[in-house]
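Heads up, the chain below is alone and in the form predicted on its own; it's given as structure tokens.
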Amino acid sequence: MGMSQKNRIVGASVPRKEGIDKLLGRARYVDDIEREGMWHGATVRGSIPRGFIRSIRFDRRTDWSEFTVVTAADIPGKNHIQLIVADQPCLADGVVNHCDEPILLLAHPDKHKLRQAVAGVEIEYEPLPPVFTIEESERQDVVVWGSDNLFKSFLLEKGDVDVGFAAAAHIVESEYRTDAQEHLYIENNGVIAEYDAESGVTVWGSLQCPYYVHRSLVAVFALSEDKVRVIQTETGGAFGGKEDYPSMIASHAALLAMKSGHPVKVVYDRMEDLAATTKRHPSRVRQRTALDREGKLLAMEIDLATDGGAYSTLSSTVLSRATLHAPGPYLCQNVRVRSRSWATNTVPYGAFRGFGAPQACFAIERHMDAIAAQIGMDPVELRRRNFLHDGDTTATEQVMREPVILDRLLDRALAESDFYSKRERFARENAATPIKRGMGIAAFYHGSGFTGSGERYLNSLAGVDVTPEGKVRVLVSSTEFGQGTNTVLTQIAAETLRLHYEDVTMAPPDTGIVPNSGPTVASRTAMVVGRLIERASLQLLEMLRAKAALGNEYSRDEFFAACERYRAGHGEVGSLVRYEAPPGIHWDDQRYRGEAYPAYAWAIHVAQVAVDTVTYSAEVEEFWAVQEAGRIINPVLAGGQVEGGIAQAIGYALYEKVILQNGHMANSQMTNYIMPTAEDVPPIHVFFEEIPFRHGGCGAKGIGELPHDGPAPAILNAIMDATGVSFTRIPLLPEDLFAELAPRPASVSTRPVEETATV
């Protein structure tokens, strides 16, 4: 018979589908793959932040007849990368807008000769004045994009903010800044491309979104969709950094393959990957908040700006999510958020885990502690008085129809961390020691899935089929890059079909095989795509019951026997379904109002920190994370997502500084771009509260991005608790702590001695 209830798969920590191959070294990453006759490719990049290209000269000591050289003139289709706005050229054509812009491409059968060849290309420029900061871009003294440097702007309004401020007992305002952050995935960007005049372009690559790459290649090569095939290889980490950029490197490798007549592999080294690929958007958020005498929010006015870099890439959607998360998980009847993303002459900024929410959450959660300090209230109590609850409306006037249990999460976080007793003890002990300890908290949410009407626009298609060998295959373009896609989606299919986990596999992530189920981004995989797999599995069961005599109760053998009967009479056994929005989800793009997300995941984070006032270093000593993210499909993977997100966010808060010199990343090595190691990551205690979301895959919501949103403000709130100083910018490095905490030398008078005695 079918599996018993106690042997269910969803909710169990089953082994990762790809785990054994990785453990035994059988997994093949892109640089493990060789193709017959393969050449290697390299990129010649710009060296100034902005200017005209006046000439390109080739060193006469190099035999260039051995090399394939590709310029913008060799592009058969459109010279742009196909994203939201197609403003980023595939190869610079006459002008460069950031230091590492690709200008031409080289290929050679010996990859060791390429470095010398790249150095042998000399490019002469006519420099133009660059723009490097949000403030410079805002002034518009120099316009570097469009007519006003503005990639995108949003205005979110609820109620009457002016009335709220007029009634205020307290008004608190401050400014918060976050810097860029590098993804630092383990495996650098890499692709292999082949070109054939008859069959078109085939690309294998380390990437997140096969159909994004497919779309760009169709445009660059002016080919029909069936002449482009994109296959994801095993991918060693991504975090959003392989959402948009693989479209660029894939186009480059394919252009070299077309012109050389050989398969071409392009794999970046770490320095090139750090310097030339997208980063997290830097931000500046100005918060102005009105409260009544009891500490209830009356009005919130928020001005949010991001640095988008040289091209728009995904800046508009990052800005949208930042805008929607800017007011935090709080009820306020009067809200105004103005947000803008500005062009500068740095490497384009793009997708990164959290996608704008970490910047917005840092500002509001640091601001809540600043408010509490100014009005003399416990920061925990301030949050509790203003939490959203069931039936309340967000800043977009979305009614909270799903349960909101922030109070329960807060109570558990306070209890698990022993928050109050530790805070009191540290306050007593700090006076007698140079090590100052403190406790900090952050409350936050993360919208699951694409914002607003995004999922309707994607119109995702996914399904399952049954192979003649007796395996169910999950058919999606969702990719595995360490987060557990292969495992979670097969768990959902196995659970729904009442089969064993081992009976379900993943189809290869290949656009020639799988339908477009949308990109692997936005915390949508388990919730949105998982729900498609659940529906497709149910549809398959209905089909087998109607046409292959499958009973309501069946064993594994009876299921596959029914599949064979269906195959004999009707052909291939499979089921595809399209996305259907949950009922009551309506978004007005023009008014920026309505159901911004079908569901939200919620969390409370608590950080315990120690600040050494001798070395001026800050350390996170312990961390607690309590979250509600719907049904937890695989507890080990879910816990790993939370722990990994917190570790990455500790780097965002305290270590990872992108240093730009003339627009170029100067510290593009792991010796000088400092990330937290295992020694820098504290014990992390992860707790889940489960409220299944009825429109998510087996009840799931999104979880991957949520844990990056809260740690940075929790850590800086703890540092404020420890030191009494409110820091408003991350990363917070030792030199920043020194500037505020170091004793000031006594002032020395320079007046003559006789004047000092004058009364």
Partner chain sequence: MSADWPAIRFIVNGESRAVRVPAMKRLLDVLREDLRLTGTKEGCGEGECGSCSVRMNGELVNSCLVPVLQAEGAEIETVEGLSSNGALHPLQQAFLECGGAQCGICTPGMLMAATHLLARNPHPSLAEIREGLAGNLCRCTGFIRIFESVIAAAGSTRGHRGPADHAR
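Positions refer to the first chain, counted from 1. Worth saying up front: this structure is predicted, and the values here are computed from it rather than measured.
This next part talks about the form predicted together with the partner chain, which is not shown.
J.: Taking a heavy atom within 4.5 Å as contact, would all three of I81, A507 and D510 count as contacting the partner chain in the predicted complex?
T.: Zero of three within 4.5 Å in the predicted complex.
J.: Within 4.5 Å, heavy atoms only, which of A581, A427, I186, I659 is in contact with the partner chain in the predicted complex?
T.: Going through each option in turn, the one that passes is I186.
J.: Using heavy atoms only and a 4.5 Å cut-off, determine which of L319, C563, V335, A647 is in contact with the partner chain in the predicted complex.
T.: Comparing distances to the partner chain in the predicted complex, the residue within 4.5 Å is A647.
J.: Considering the partner chain in the predicted complex, find the one stretch among 693 to 701, 715 to 723, 52 to 60, 31 to 39 with heavy atoms no farther than 4.5 Å from it.
T.: Checking each option against the 4.5 Å cut-off leaves 31 to 39.
J.: Does the partner chain come within 4.5 Å of any heavy atom of V620 in the predicted complex?
T.: So V620 counts as contacting the partner chain.
J.: Should P683 be counted as a contact of the partner chain in the predicted complex, where contact means heavy atoms within 4.5 Å?
T.: Taking the distances in the predicted complex, the answer for P683 is yes, it comes within 4.5 Å of the partner chain.
J.: State yes or no: in the predicted complex, is some non-hydrogen atom of A27 no more than 4.5 angstroms from a non-hydrogen atom of the partner chain?
T.: Although the partner chain is absent here, A27 would touch it in the predicted complex, with heavy atoms inside 4.5 Å.
J.: Using 4.5 Å between non-hydrogen atoms, is E136 touching the partner chain in the predicted complex?
T.: Close contact is absent here: in the predicted complex, E136 is far from the partner chain, nothing within 4.5 Å, heavy atoms only.
J.: What residues in 225 to 263 sit within 4.5 Å of the partner chain in the predicted complex, counting heavy atoms only?
T.: T235, G236, G237, F239, in sequence order.
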